[in-house]
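Take a look at this single chain in structure tokens; it is the form predicted alone.
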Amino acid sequence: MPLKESEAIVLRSFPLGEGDRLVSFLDRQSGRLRGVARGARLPKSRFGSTLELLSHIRIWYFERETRDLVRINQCELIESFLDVQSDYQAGIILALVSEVTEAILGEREVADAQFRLVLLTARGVRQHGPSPVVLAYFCLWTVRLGGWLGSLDQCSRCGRAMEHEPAYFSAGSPGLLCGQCRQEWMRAISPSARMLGRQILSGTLDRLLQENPSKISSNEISSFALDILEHHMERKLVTRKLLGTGVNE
């Protein structure tokens, strides 16, 4: 049972027993894992504040093939986002990032791109506050990395270009539909929101923030992406209901 060392992001932690914590974390090398941190809730715990939400840490743990839970031996804090959570709305966005990431990744599924996206998003929220643009960037890229995003400009049924007209979708559909192919109950997504989607997928977050997209288009993209994510999770996101930015409307 060798000791493993890796870079990780804490997704969630829960009280366990008298003084322990059950920790869900995203290991950059091995994917999402769960482990027990013995004595983490005790007053003089060696873990300190390293197990807080979305903490970026260096982690050492033991793993056995016959057990689902690893045994966390030591953590070293690289970067904390505890200060960001003093703002309620920013804290909700970070909690949503955590909930989505934990839900979409299978255990031990290597996900370096998602790791980098989570870290980029948390840093974006720290720098820019509870920005709808940062949230839209995270949500759409998560859908893209999951392989659930079709073309934003072409009807998936007839192939017609839809650059300057509304498109329509349902969360379970493989792509967008034009006005001629859509079903009456489908939701619309505007040309301006889809243009923002293209910007998100083709550039960096810093560049996107400099262009200062509208809050309405950002919220529309977040709503579109979160609908798709909830469909594939087969459940509603708890944190989505707490958002006050309109993305859950």
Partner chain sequence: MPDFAEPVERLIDQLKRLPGIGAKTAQRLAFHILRIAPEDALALADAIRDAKSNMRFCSVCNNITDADPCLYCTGPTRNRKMICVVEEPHNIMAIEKTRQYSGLYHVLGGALAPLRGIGPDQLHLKSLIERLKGGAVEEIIIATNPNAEGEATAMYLSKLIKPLGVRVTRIGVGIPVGSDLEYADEVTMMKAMEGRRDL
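For clarity, every value in this text was computed on a predicted model and none was experimentally measured. Residue numbers count along the first chain shown, from 1.
Here the subject shifts to the form predicted together with the partner chain, a form of this protein not shown in this document.
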Contact label in the predicted bound form: residue 12 to the partner chain, heavy atom within 4.5 Å | yes
Answer yes if any heavy atom of residue 158 is within 4.5 Å of a heavy atom of the partner chain in the predicted bound form; otherwise answer no.
-> no
With the partner left out of view, is residue 145 within 4.5 angstroms of the partner chain in the predicted bound form by any non-hydrogen atom?
-> no
Quick one: is residue 82 in contact with the partner chain in the predicted bound form, heavy atoms, 4.5 Å cut-off?
-> yes
Using a 4.5 Å heavy atom cut-off, are 127, 133 and 224 all in contact with the partner chain in the predicted bound form?
-> no
Contact residue in the predicted bound form, from 180, 210, 49, 29 (heavy atom within 4.5 Å of the partner chain) = 49
Which of these stretches, 115 to 123, 94 to 102, 165 to 173, 137 to 145, has heavy atoms within 4.5 Å of the partner chain in the predicted bound form?
-> 94 to 102
Contact check, 53 to 91 vs the partner chain in the predicted bound form, heavy atom within 4.5 Å, ordered by sequence, gives 53, 77, 80, 82, 85, 86, 87, 88, 91
